[in-house]
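Below you'll find only one chain, the form predicted on its own, shown as structure tokens.
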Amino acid sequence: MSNRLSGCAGAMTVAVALVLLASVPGAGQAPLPQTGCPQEPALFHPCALAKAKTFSPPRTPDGKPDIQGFWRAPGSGTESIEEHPKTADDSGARSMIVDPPDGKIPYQPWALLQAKENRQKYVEPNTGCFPSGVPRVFYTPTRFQILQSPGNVVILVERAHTYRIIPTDGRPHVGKNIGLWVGDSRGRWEGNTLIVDVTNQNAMPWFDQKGDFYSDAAHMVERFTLIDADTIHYEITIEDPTVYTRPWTMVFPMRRIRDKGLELPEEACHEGEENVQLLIDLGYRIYPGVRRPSPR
């Protein structure tokens, strides 16, 4: 990916911008195929929950809901997970945040300032081909594959060789002193929903290009629920007392990709990558993440 940036720090490549323009659902578009639910997250959420109550998902041999396959999520959160207008390289979108109802991240005052300063001081982590973190690993324009076996769910992501292994056998999280790009995930099935508890963040990814962030104290709970054969209702609640005034929740649909013979290609993002050095030469720094205050 040999390319050079000029102007705004952290700008995405033209190729990614074109993918975004093709994949971002704008307000007023037709409902999602098959579900009949609106694409706007705040409207999709209650509609999808209602659909889930009457849908009987397929099962794996061990009796769990079968969510295996290739999937894609809307790319609208790449620029910002909050509502944002249409620009030259973004189709604009409604907020992916359904709680609080205003669609805003409930930052503490200092953290709101930090988020605004991030883009002015630091290289956007995805520019350097670092893993996107949870939940951005899904809505960065990419495809991902979900695999299941007794006691495990595995998620393989096209971008930057990212993967997640989610044990569902009740084992504890890794030690508290270990921080990971996608956190440490532990899953369990509750009815037809896969619930994933995510801890052990290294706090170095952002939620979006706008600089929205979390600390290494972040605790995330994901919920994956099939609402029809080709749609997963994805919900994630983020709690981080270091950064936010209260827990908050994002929602978006994941749509199955049914292309025959599909495989995840290698996306060798880092090979030949030149943008980071250019930005460092302009005075930007690698984002170090935010750490929770040390106990006294």
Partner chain sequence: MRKRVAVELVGFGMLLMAVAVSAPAAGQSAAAASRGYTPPRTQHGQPDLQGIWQVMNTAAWDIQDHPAQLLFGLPPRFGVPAGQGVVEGNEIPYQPWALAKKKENYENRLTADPEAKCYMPGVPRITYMPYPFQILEFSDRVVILYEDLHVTRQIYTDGSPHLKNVLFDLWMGDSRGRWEGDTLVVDVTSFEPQTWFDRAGNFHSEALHVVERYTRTGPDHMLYEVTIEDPKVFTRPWKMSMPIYRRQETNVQLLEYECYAYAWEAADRGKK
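Numbering follows the first chain given and starts at 1. None of these values were measured; they are calculated from a predicted model.
This protein has a second form, the form predicted together with the partner chain, left out of what is shown; the following refers to that one.
Annotation: in the predicted complex, residues Pro61, His270 and Arg285 each come within 4.5 Å of the partner chain through at least one heavy atom. Within 4.5 Å of some heavy atom of the partner chain in the predicted complex lies at least one heavy atom of Pro150. A residue is said to contact a partner when one of its heavy atoms sits within 4.5 Å of a partner heavy atom; Trp189 fails this definition for the partner chain in the predicted complex, lying far away. The partner chain in the predicted complex is approached by Pro131, whose closest heavy atom lies within 4.5 angstroms of it. Although the partner is absent from this view, Ile165 contacts the partner chain in the predicted complex, with a non-hydrogen atom inside 4.5 angstroms.
For the partner chain in the predicted complex, the listed stretch (141 to 149, 103 to 111, 73 to 81, 222 to 230) containing residues with heavy atoms inside 4.5 Å is 141 to 149.
A heavy atom within 4.5 Å of the partner chain in the predicted complex is found for one listed residue only; from Ile195, Ala160, Val98, Ala115, this is Ala160.
Residues of 247 to 269 lying near the partner chain in the predicted complex, listed in sequence order, are Glu263, Leu264, Glu266, Ala268, the criterion being any heavy atom within 4.5 Å.
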